[in-house]
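Coming up is one lone chain in structure tokens, specifically the form predicted alone.
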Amino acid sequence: MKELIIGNKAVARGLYEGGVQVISSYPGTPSTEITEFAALYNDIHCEWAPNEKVAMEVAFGASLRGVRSACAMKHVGLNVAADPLFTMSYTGVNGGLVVCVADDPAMHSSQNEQDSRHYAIAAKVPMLEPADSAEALAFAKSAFDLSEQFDTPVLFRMCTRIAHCQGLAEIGQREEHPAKPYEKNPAKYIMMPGNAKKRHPIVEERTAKLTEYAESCPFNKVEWGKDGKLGIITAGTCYQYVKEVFGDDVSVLKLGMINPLPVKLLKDFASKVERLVVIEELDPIIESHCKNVGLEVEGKSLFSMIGEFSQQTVAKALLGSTPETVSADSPVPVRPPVMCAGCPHRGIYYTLAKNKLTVLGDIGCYTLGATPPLNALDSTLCMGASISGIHGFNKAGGAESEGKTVCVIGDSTFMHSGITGLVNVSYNASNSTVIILDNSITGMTGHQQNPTTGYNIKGDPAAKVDLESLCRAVGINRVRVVDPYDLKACDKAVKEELAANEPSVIISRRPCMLLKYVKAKAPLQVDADKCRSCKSCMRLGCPALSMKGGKAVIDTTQCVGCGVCAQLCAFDAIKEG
């Protein structure tokens, strides 16, 4: 039976059919749906881990016990999980282990554009990359066999387009794989220097065997075209662009196993075409390999190392023209991302901006506090960096910065990698004020549970971390909770904690307005006769507020009645409807 499904659902189905028993992940666009769809299968264990490193280590533990396991993350999440990955390459596996990583060319929802293929090369593990939903399912299923055959974790690379585009996939049956017996094997699994030195040659031998396997593996295929002049080597999304532009006119070597890359297969393909071109997004991984084995290829001389490609990109580079496209009759208005109406982060950000504070930010939907009119953030680096960063900032700036600087971090991000930063603030004693934006969910990636919510991935009750107690336990004496809808309380809390001569934590607590259990109040209305057109309410950047005819107007279809704007109106013009 065939089904039209998005790539991430296909991956989840492939893992399921391949007999996976344990999946641990941390949500991150564009990888999140892999685990969400997998969690719908009740005969496998799925969970949200606090971060990607923990997720990969859980998968390793399950593999060590003898069952097939997986974890999923976005490309920057693989940075967090790199520590176990590199050593898992040495230990190998017991049960098959698949690491799904989703890259984000063009940075639709990411802070950088890194290419995860470098990790496969550096860690010396195989990597598969599907080009559509059908391959996503089939490759994910086969990845477990590859993992067990070569005693290695397997990296499974998705990207935004394949992850979120739909395609037909053949739905099969789950294959049960009994747990392999666990046998104590210190030389294989205890990576102290003496054992690790003996494992490294095994990794190199495995790489040689995998390279030989790549020459004729089912993941790589040649499609001979009508015209033998042009040969294209490509993979993943770019394969789709090539086929849409050229159809069957050109010969294509489609690589599904992108590490290690073959040698003889590439040379044989090159010998049968007159011109050889590599088309790959981001870095010249395939191109560099081709050149290293002595092939004359064109690649980044024609294509950029930045952003996504398209049919137009391929056609313009190789045909000198772009295919005819259909455009809208009128331009689409620009719609920059903004915090939602009633977002609990807006009140605290308004307070920080009003007080002209330096604010070190973090990764999450609250990063949108950097946009006008709030302009409330000064930096955003990576998960958890706000707390570590403010410690360094204040150590460098001393009293001059301590009373004028705060950092913000979400509840899920705090659990991901903020705790250790707060321990550092306490242990190494910087007078820093940390604001935890607790909206009771993992917001940016689509409302996943986390250790502070009290529910697991399936929505069942789970242990709930008490943020106040946790902060006190690591040595923070000043911990207070504020309602971000109360601007006076926010202002008072920020000023008092900045004035204190010791580290402090403010927990700005109110659940995300988009949560199903959060009920909106009646929308507010503006009394046009009282409105003086001062635009004070517009400083919030609420999408429900606008100016029309010189007067403030509230869009009642968006307003959730939070009342924050009313607190800014000195003329009492904003009232309940």
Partner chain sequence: MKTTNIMIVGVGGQGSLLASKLLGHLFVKKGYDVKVSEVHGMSQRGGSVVTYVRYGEKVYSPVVSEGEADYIVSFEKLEAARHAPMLKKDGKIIVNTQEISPMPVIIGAAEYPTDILEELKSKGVYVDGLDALSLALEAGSAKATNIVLMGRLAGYFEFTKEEWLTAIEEVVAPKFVEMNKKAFMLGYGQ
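None of these values were measured; they are calculated from a predicted model. Positions refer to the first chain, counted from 1.
The form predicted in complex with its partner chain is left out here; the points below concern that form.
Checking Glu244, Asp83, Asp227, Asp283 for any heavy atom within 4.5 Å of its partner chain in the predicted complex turns up a single hit: Glu244. This chain is drawn without its partner chain; in the predicted complex, the residue among Cys531, Leu545, Val67, Leu524 with a heavy atom within 4.5 Å of it is Leu545.
With the partner omitted here, the stretch from 459-467, 325-333, 140-148, 415-423 that lies within 4.5 Å of its partner chain by heavy atoms in the predicted complex is 325-333.
Its partner chain is not shown here, and in the predicted complex it never comes within 4.5 Å of any heavy atom of Met1.
Its partner chain is not drawn, but in the predicted complex it has no heavy atom within 4.5 Å of Asp438.
Heavy atoms of Thr358 never reach within 4.5 Å of its partner chain in the predicted complex, leaving it off the interface. Put simply, Pro373 is close to its partner chain in the predicted complex: some heavy atom of it is within 4.5 Å.
Contact annotation for 123-159: a single residue, Asp132, has a non-hydrogen atom within 4.5 angstroms of its partner chain in the predicted complex.
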